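What follows is one chain in structure tokens, specifically the form predicted alone.
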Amino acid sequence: MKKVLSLLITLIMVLSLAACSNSSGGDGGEEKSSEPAESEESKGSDDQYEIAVVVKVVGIDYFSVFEDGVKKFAEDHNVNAYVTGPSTADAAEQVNIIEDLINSGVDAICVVPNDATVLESVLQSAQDKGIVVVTTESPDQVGADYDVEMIINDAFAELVAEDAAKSCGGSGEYALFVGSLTVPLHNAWADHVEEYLADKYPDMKLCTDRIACGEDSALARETTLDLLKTYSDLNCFICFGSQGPIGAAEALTEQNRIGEVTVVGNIIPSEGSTYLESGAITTGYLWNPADSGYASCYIAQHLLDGKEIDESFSIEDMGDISLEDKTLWIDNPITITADNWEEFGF
């Protein structure tokens, strides 16, 4: 009997130990099951879209405001979107940056080209790798899935040309500044300005070939001073590129020629405010650069999500959008004066 009881006690102890072992194994299983949950969460973060935005040049006010739009998009849509670009408006450097982004495996590249032709090959390489490519300020860009424009080009050029002509009395000589001779948008505007003034104001003559200095205020200032010395009938500067009017206005201020010479063109309202109020800049024209940054990223994410872009496509608070082949046109120009520059908030 004692042997039977001893066997029973031993059996109970064995079963108890087995139960404890199973119970301990269950706890370990629960701990292990929590690890995949953390891994999935981490994977979700890793799967966040990466949208790189390559601007013409970093460090100027226009692209700082542009970057605000990219940052807002990233925050609104939980996307890793950021701005990069060359320190000078250099198309070759843009190519190098885009090549690095392709090699790093980004999901989308948005670009504001310095030279549409130079970028064709590298943008097509990005597409070949399955990277979404969106441009702005470069209609019909080869190598882009879509391009987005914040103004209607011809109407914008006519607005600038008409105000310039009225300000200088419709006669005399004018100079044309562009960011570079290869920037698509600036040169499209300049082409149309020349055509428009030749037709509507034949007494206004272009003093010399258009000059590339619109992205560098110091160069625009020096160029303005040289032109004023060379052309005695020069009374108007039409400047495309946000630093062109600033540099021209600095030169007029130094030469005490405010009121004698008209300066119009692209400016950031806050950056040009002093010169608007002094009269050195007659009128500025632009759109909100933050909208350009936001819209470029929005389109990129839309395509990454596998969605199509058609006539019904819209972006909240951007107004009507017209689709023409692969270009999206949004007509949101602003005219900036001494009286209203504070209203724009940038």
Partner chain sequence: MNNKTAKNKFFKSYEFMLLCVVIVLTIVLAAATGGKSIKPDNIIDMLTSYSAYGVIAVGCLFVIISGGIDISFMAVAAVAQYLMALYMLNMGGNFVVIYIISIGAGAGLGLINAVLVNRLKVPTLIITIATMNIIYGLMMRFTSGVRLHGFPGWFSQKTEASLLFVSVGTLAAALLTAWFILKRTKMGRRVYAVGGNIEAAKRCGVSVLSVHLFVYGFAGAAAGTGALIKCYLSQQASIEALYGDEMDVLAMVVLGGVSLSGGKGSVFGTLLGIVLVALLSNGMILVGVSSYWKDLVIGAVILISFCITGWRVLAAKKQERKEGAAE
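Predicted model, so just to flag it, every value in this text is computed and none were measured. Numbering follows the first chain given and starts at 1.
The same protein also has a form predicted in complex with the partner chain, omitted here; what follows describes it.
Participant: Just to confirm, W189 within 4.5 Å of the partner chain in the model of the complex by heavy atoms?
Facilitator: Output for W189 is no: heavy atoms all beyond 4.5 Å of the partner chain.
Participant: Although the partner chain is absent from this view, report whether L159 comes within 4.5 Å of it in the model of the complex, heavy atoms only.
Facilitator: Contact with the partner chain, no.
Participant: Is D61 close enough to touch the partner chain in the model of the complex, meaning at least one heavy atom pair within 4.5 Å?
Facilitator: Although the partner chain is absent here, D61 would touch it in the model of the complex, with heavy atoms inside 4.5 Å.
Participant: Looking in the model of the complex, any heavy atom of Y275 within 4.5 Å of the partner chain?
Facilitator: Result yes; Y275 sits at the interface with the partner chain in the model of the complex.
Participant: Which one of these stretches, 123 to 131, 159 to 167, 263 to 271, 106 to 114, sits within 4.5 Å of the partner chain in the model of the complex when only heavy atoms are counted?
Facilitator: Among the candidates, contact is made by 263 to 271.
Participant: May I ask you to choose, among I151, A91, I211, M204, the residue with a heavy atom within 4.5 Å of the partner chain in the model of the complex?
Facilitator: Contact check passes for I211.
Participant: Among the candidate residues D100, E254, D76, D140, which is the single one with a non-hydrogen atom no more than 4.5 Å from the partner chain in the model of the complex?
Facilitator: Only one option qualifies, and that one is E254.
Participant: With the partner left out here, which residues of 210 to 249 have a non-hydrogen atom within 4.5 Å of the partner chain in the model of the complex?
Facilitator: Residues within 4.5 Å: R210, I211, D216, S217, A218, R221, E222, T223, L225, D226, L227, K229, T230, Y231, S242, Q243, I246.
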